[in-house]
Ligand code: C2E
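This document starts with one chain, in the form predicted on its own, laid out as structure tokens.
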């Protein structure tokens, strides 16, 4: 028996004569509106507005600037410490991509990362971050700086299109690093797609000794089955659960549940977004051992992180 085929559409609408008198112009404006419909989540309709043209022009200019920044090595990494909750000891860092634009100033990752995904640049960005983070970790080792591990975010697209395991292997050899010093953070969406290529990549990385972490755990369509199918080493408790720990009983219950799942499966659990002593204390009581957040340190340049370490 034939299975039903479900079809959805993103629709852009332009109207004569307000949005143009010529067919070409009407089609162009309808296309811009359709792009906005896709950005709004797809399967919806948007009518053309003049402001969309300005937004598109700004986006195109930013995309071009991002390509130039990547090719000219004008991006940088900041690092946020990951600490042991019990005594504040440093256990590693997370590398976070930063982009300073000469006109717009500091561009938020929430702006340029989705843009990079849309325009096909995210794989190149991911590769650059991984290479820069490994080079920095090797530099710290040569200087005798007590930073032994770094975590890097990797997009689902890169796992599906690139040979991440081969790239990591080459970087470890080039910089003389051990696989256990590298953690790759990924979203739940990657693991829920059941792609054989992705599973093969993750198994290769695990066999090498690279740690694999689930970022923002519990905020997507969680399926606990992948935790036993795939070689995950770490869960990251999303900051949305940590933010109201001191005032919201539901958030305390959810956080305890995630921490309990991790501990039961022998996984490390890292709490994100810790900003107060009360949050730190409640996380310790729940059994969480590692955290990061402004309470300990903000993301900072490699040099500033070294200074932070000396002043502790």
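Positions refer to the first chain, counted from 1. Please read these numbers as outputs of a predicted model, since none were measured by experiment.
The protein also exists as the form predicted in complex with the named molecule; that form is not presented, and the subsequent description refers to it.
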Of 172 to 180, 135 to 143, 226 to 234, 90 to 98, the segment with heavy atoms within 4.5 Å of the named molecule in the predicted bound form is residues 90 to 98
Thinking of 131, 148 and 269 as the candidate spot, does the named molecule come within 4.5 Å of a heavy atom on all of them in the predicted bound form? no
Is there a heavy atom of residue 275 no more than 4.5 Å from a heavy atom of the named molecule in the predicted bound form? yes
Would residue 215 count as a contact of the named molecule in the predicted bound form, using a 4.5 angstroms cut-off between non-hydrogen atoms? yes
Report yes if any heavy atom of residue 293 sits within 4.5 Å of a heavy atom of the named molecule in the predicted bound form; otherwise report no. yes
Residue-level contact is defined here as any heavy atom of the residue lying within 4.5 Å of the named molecule in the predicted bound form; does residue 73 satisfy this criterion? no
Could you list which residues of 154 to 178 come within 4.5 Å of the named molecule in the predicted bound form, counting heavy atoms only? 154, 155
